[in-house]
Every structure is written in structure tokens, then in C-alpha cells.
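Listed next as C-alpha cells is one chain, alone, in the form predicted alone.
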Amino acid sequence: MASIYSSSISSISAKLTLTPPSNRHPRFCCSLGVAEPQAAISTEPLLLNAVRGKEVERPPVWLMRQAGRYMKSYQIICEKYPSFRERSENVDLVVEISLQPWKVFRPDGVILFSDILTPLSGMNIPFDIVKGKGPVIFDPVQTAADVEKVREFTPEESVPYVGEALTILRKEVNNEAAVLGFVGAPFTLASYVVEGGSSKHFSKIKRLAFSQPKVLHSLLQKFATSMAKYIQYQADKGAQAVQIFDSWATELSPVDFEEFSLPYLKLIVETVKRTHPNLPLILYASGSGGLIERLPLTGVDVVSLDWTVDIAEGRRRLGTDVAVQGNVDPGVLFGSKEFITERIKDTVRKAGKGKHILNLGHGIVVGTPEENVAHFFEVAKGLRY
């Protein structure tokens, strides 16, 4: 297996000129290859320093779905434990799966293996994740009476395994990388529980939004309060940054985003920042090109862009106060190693120096060659500003 991860990176001699964000004037040179170690090593993980705007030698890198079905080691676990909920709700399995990419690739972020729907059972919303079908909500929320039955989430009672796993991960990773937690955003969670699962047209959630907005707002309020608690809990148990996934908010028009998503994201951020002011919060919303200027209004520290946005343009539209994450097309990982290298270099060059986390624009796709993921990490970690 070791041969899978061999790389010719040391033979790459190309130099990459990086253009910094528009508010900076110097130019920097980024080279691929083995770099000399820094004279002084920060006690904080590279990812945290980058988010906070500190001087870093390269952009930190981690990948969404870096623990998952493309890895042979994960497939072996799936054969033994076919239920996704068992894999994601058992402390030992959560830790083992979360650490699989860490042990092989050494990313700068180690994200908890879980699911955004994990809190639902603790909110009196029965669900399952069915192989080949995805999430299934057994009793979709459709009326005010249904919303009344939804309980606010108490993570220490409902998902203690999440806290235990995060605590173990912090010890295992030992500050060599940042341990990342994550939650679902209120509108995205509401979309799942109203639609009854995944959806193509989001007709049920929109019917509720446009015909009974008070009912939806009541549900969104419960999710916002609950997810704020969940982020605080994850931080207390070891998460050093938390990503908020608002995957379906981009199904809303800008004016509807401002009513049904933005206020609840702001509420989460404001609540968390009161108790954890230094906790970096990352917001990811796929297909967010039409909403980019609105995303920093949430108060998050980092906005994660998908690959449909030119990252240089995204930087300009986001402004200088927020860091950016992304945004290589996951499909690039099906290309040649030379092609992957060039796309990494292009993304880093366009993102500019500092306040950038290198990532994909979405999660790693099933069937992605594992050796190509290894190449992505090796090239990325060889970059120097």
C-alpha cells in the first residue's frame, strides 16, 4: 500500500507567483517541494493561525468528506458495520474513522465523522440514513402542532458520544492539526424534516415558507437555539473550529434567504461568540454565487466557496474581514496528477496570501482514486508563500 502514496513532488521545480488580496501590495513566491522548517513554531495549529490572519508559510489544507467511502480502510469498516448511524454514533468507530485520513495524509484539519442530522433524534424527530436512499424522516414536520412536538436539543444528554469522540481526537491529534466539529444550519435542517428527506424541488418547505411563514419561523428558531448549543458543546469538548453547513439555503432567492436563513445564522454566531469569542466559525453553502455578499453578514470567520465561483472574484465580493475556504472542483481528483497540481496552484494563486484554507468546493466524490487524494495533500503541503 505504501507505493500508492509515493509522489514525484520533489522533482517539481515550477515557481508559482501568488497575488495577494487587493488590500495588500507585496508579491510572494510559492514553490513546490521540500521547504526549510520555520525558525519558530507556533503552538497553535496552522489552520487557526491562517483564519486569524497571522503570518503562515502556506495555506492550511483539509478536504470535506476526507473520511469516507473513497478510502479502502473505511470500506472495510462499512462491511463490518453496515449501518451509517452505528458508525457515526459509536465513540470508537467515530474516532477510528475520523483519524483514518489523519494517519495517511496528515491534513491540517481533522473533522469529526458525523452527520448534520445526528441531533434530530434528540429533538424528537425520528430518522434514519438508508444506504442507497439517504436520509429518511419518519414523521415529516408539516403543521404548527408538529413543530410543538420538536424539542430543543440538549447535546450532553442526546449525543454524549460526540463529546467523547472530540475529546479523544484532541488528544490523538495533539495540536498538530485543528480538530473540527460541524453542524447543520437551521434552514437546511428544516428542509430535511419538512421534505421528509432529500429533495429536488423543495416544494414542501417553500409551501410552508410562503403559506405559513410563522410555522416555519418557529421551527427555524428551535433549530437555531439548538445548533448554537451544539456548537458550544463541541467547542467545550475539543473542537477548535466548527463548520456550519447550509447546503440548501441557496435554493432560496436572495430576499427569501434574508428572511429564512440569514437571521438564524446570525443568531447562532452571536450566541456562540458570547461564550466562545475566539472559536472560528466556517460557513459553507453550495451554489452560493448569488448570495456571496450576504454570507459575511452572518458574522462567521470563514466563508467556504464551491467551485462554481472564481475564488479571486469571491475574495473581492466577500471583502477583507472574512477568510475564505475552498474551492477546487472535487471532479479534479479524477484527473492526472499534473492536472491536480495545476488546479491547486491556480486556486492558491487566485486566493492570495493569507486567510485562505485550501479545500474542495464540495466533498470528495465516491470512487475518487485514493492515490489522487494523497497527491492533493502532498502538493498542498509542499506549497510555500
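Note that residue numbering follows the sequence shown and begins at 1. Because the structure is predicted, anything quoted here is derived from the model rather than measured.
Below: the form predicted in complex with a small molecule, not depicted.
Taking a heavy atom within 4.5 Å as contact, would all three of 64, 67 and 134 count as contacting the small molecule in the predicted complex?
Yes, the whole candidate spot contacts the small molecule.
Could you work out which of 114, 232, 158, 250 is the residue within 4.5 angstroms of the small molecule in the predicted complex, going by heavy atoms?
Selected option: 114.
Which residue among 91, 77, 129, 144 has a heavy atom within 4.5 angstroms of the small molecule in the predicted complex?
Flagged contact: 129.
With a cut-off of 4.5 Å between heavy atoms, is residue 217 one of the residues that contacts the small molecule in the predicted complex?
No - in the predicted complex, heavy atoms of residue 217 and the small molecule never come within 4.5 Å of each other.
Taking the small molecule as it sits in the predicted complex, is residue 260 near enough to touch it, meaning that at least one heavy atom pair lies within 4.5 angstroms?
Outside the cut-off, so no.
Is there a heavy atom of residue 308 lying 4.5 Å or less from a heavy atom of the small molecule in the predicted complex?
Looking in the predicted complex, residue contacts with the small molecule do not include residue 308, since no heavy atom lies within 4.5 Å.
Test of understanding: in the predicted complex, would residue 105 fall inside 4.5 Å of the small molecule by heavy atoms?
Flag for residue 105 set to no.
Within 4.5 Å, heavy atoms only, one stretch in 191-199, 273-281, 165-173, 297-305 touches the small molecule in the predicted complex. Which?
Only one stretch qualifies here: 191-199.
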